[in-house]
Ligand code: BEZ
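Shown below, as structure tokens, is a lone chain in the form predicted alone; questions about how it binds or moves come after it.
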């Protein structure tokens, strides 16, 4: 069809008319993406049939979302998270062989430069919370140990806050650390049992969640980034199965394979050797890395 066939906008041909105007786009991928977005956006508007007032409310919401963003806070990422889009994009970009550990969202509180520790070190710097031993193995999909794999781990404290959220309360790099596996691929470190926490609710996304009748909580978890040259980098969580929000994560980050039992251990000798209070918690989590794409 010629451009003249799409010269005039009607309710019926709205998407086709708009898509026809991007025929000369410089970037073919951008042209493809915009055509899909235009088609689905127009279909949604036709299904919803918003009033002028409703459409302007949507525009005001997006404007307020932009105003809430700064160098530290990204309200649009939060919006993507609570609509499940972040997890969907991650799933599409993390298709791996059967048996590989599953990916999940990075989250907003990872920082560079965490201290590197020897295996068995305690990443809790303020001594608060219930001690927890975390350990496991890093292997390839064939079960062979991966020596020299890098583990970057971090978590919220037992009040549900990360160190960067409590600069005057928690020590810098509290509950963060980097470890490297030995020849056996094993890792271990001491942390504290994490607690569920709320995503930010003081902005337009929080107001939207409230109107939709949704809670804003993430279930208790530990964060991992596991990497080794020649393998896909794994960004994942370890979840507490007994957390009250384990089945309703506000950002949809929970995957069944990442739920690991948290065992309560009463062992005074082990606790004394580690310099921690007894009893303590024990979590075993193995990571399987997929080979890097060639």
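Positions refer to the first chain, counted from 1. Small disclaimer: the values here were computed from a predicted structure and weren't measured.
One more form of this protein exists, namely the form predicted in complex with ligand BEZ; it is left out here, but the text below deals with it.
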- in the model of the complex, the residue from 149, 220, 192, 78 that sits within 4.5 Å of ligand BEZ by heavy atoms: 78
- Among the candidate residues 171, 203, 108, 120, which is the single one with a non-hydrogen atom no more than 4.5 Å from ligand BEZ in the model of the complex? 108
- Task: Could you tell me if all three of 226, 260 and 285 have a heavy atom no more than 4.5 Å from ligand BEZ in the model of the complex?
- Result: no
- Distance check, residue 199 to ligand BEZ in the model of the complex, heavy atom within 4.5 Å: yes
- Does ligand BEZ get within 4.5 angstroms of any non-hydrogen atom of residue 251 in the model of the complex? yes
- Query: For residue 162, is any heavy atom within 4.5 Å of ligand BEZ in the model of the complex, or not?
  - Reply: yes
- Proximity to ligand BEZ in the model of the complex (heavy atom, within 4.5 Å), stretch among 203 to 211, 126 to 134, 100 to 108, 183 to 191: 100 to 108
